[in-house]
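A single chain, nothing else alongside it, follows as structure tokens in the form predicted on its own.
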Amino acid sequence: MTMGEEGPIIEIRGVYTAYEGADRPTLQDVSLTIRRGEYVVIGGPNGAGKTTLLETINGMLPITHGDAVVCGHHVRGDGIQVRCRVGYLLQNFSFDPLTPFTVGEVVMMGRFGKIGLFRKPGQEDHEAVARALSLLGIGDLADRPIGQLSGGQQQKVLLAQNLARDPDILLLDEPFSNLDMFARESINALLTRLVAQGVTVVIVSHAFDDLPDRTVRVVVMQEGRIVLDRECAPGLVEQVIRGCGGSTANA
């Protein structure tokens, strides 16, 4: 059992991170501990550092001060190992219509961290892809070119890609933005099941009607700092964020 499985699955201590060329750190002295199987909503106004926090957890930004341990690995130095165990759904990502990959191939890319770039996928990998496609209800799209799908369908494909890697953590940046009400309800139910199975979900969203029917953790950010961290019922999330002075506008 790794250190991440014995203790917190995410532990951030006094972290500062900055984008290249920035005048000041985007995250400033951020500390946060998240347990396995928690559902965490990150709120706050535009520019508060919500997406930066997700990128820091996933080892995509350099930590200038402090330390972050994710799934038992130090983000500084072990970023590749971290990303093998973390799924990250980017905000507003879309494919060019001429992108030469099928849906099945895009979802299989989620397995590369496990199989390596130069090995052929095995039966376990194909089964993981088929399972992820089925969970998102897009198995019939497997042979379609990804660039020819709608924004909502592409969003589902990218979520399937992340599920195919069997992640311990899902980082989701506005995952409902291109989805209709039915799809949002379906994915909300899926995330609820994953949390019940022990997957940790950390989500940046302004769609607070799409939360699980269980206690969630709310973390509110302002100007690169965490200003509130508490648990509450899903129906109170928007009220808690607004009460802290955090906007519920899109990040």
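From 1 onward, residues are counted along the sequence shown. What you are looking at is a predicted structure, and each value in this text was computed from that prediction instead of being measured.
Note that the form predicted together with a small molecule isn't included here; everything after this is about it.
Enquirer: Each of N46, T52 and Q91 within 4.5 Å of the small molecule in the predicted bound form, by any heavy atom, yes or no?
Expert: Heavy-atom distance to the small molecule in the predicted bound form: all three under 4.5 Å.
Enquirer: Quick one: from N58, N188, T26, S205, grab the residue that has a heavy atom within 4.5 Å of the small molecule in the predicted bound form.
Expert: By the 4.5 Å criterion, the partner-contacting residue is T26.
Enquirer: Looking at 189-197, 66-74, 38-46, 209-217, which one sits within 4.5 Å of the small molecule in the predicted bound form if you count heavy atoms only?
Expert: Selected stretch: 38-46.
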